[in-house]
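Given next, in structure tokens, is a single chain: the form predicted alone.
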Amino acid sequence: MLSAQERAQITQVWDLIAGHEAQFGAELLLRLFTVYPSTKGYFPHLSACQDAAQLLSHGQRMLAAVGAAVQHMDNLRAALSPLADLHALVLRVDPANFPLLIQCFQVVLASHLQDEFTVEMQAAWDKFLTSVSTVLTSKYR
């Protein structure tokens, strides 16, 4: 599904953000809550005041899942199956929210990486994150 060049671009971007997962994840959540306020209902454990420690912690977990997906691009279904079960069967997240998350994540990447996040990299990440979203929503069927 992903070409060798796209895989390399995904890995290259991941290498640029490695070590900053909590910060990127917290910013992703804040952007998601700001642009799509209805999504905050899925995160009741985050305080109304958006406690920084809680945002960083949950952001770290979210980006750790993305990191696992990057490391297992060849077998996303197996790597993300427990996460898909959680979101579909336990949390019951509306699958329409995953594209919103993808959009916000790409904005965070572009805002931080700027010129390093080329159009080709954005396209590769869009394709990759769409595949991740497809796996996460596969348990809804």
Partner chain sequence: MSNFTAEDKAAITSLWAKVNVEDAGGETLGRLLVVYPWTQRFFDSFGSLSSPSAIMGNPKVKAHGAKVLTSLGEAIKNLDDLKGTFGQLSELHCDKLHVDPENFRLLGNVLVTVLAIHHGKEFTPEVQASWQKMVAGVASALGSRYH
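If you're wondering where the values come from, they're calculated on a predicted model, not measured in any experiment. Residue numbers count along the first chain shown, from 1.
Note that the form predicted together with the partner chain isn't included here; everything after this is about it.
Although the partner chain is omitted here, in the predicted bound form all of 34, 117 and 122 have a heavy atom within 4.5 Å of it. Although the partner is absent here, residue 39 is not a contact residue: none of its heavy atoms lies within 4.5 angstroms of the partner chain in the predicted bound form. Heavy atoms of residue 106 reach within 4.5 Å of the partner chain in the predicted bound form, making it an interface residue.
At a distance threshold of 4.5 angstroms between non-hydrogen atoms, residue 86 is out of contact with the partner chain in the predicted bound form.
When contacts are judged by a 4.5 Å heavy atom cut-off, residue 110 counts as touching the partner chain in the predicted bound form. Partner proximity in the predicted bound form, defined as non-hydrogen atoms within 4.5 angstroms of the partner chain, places exactly one of 78-86, 65-73, 52-60, 96-104 at the interface: 96-104.
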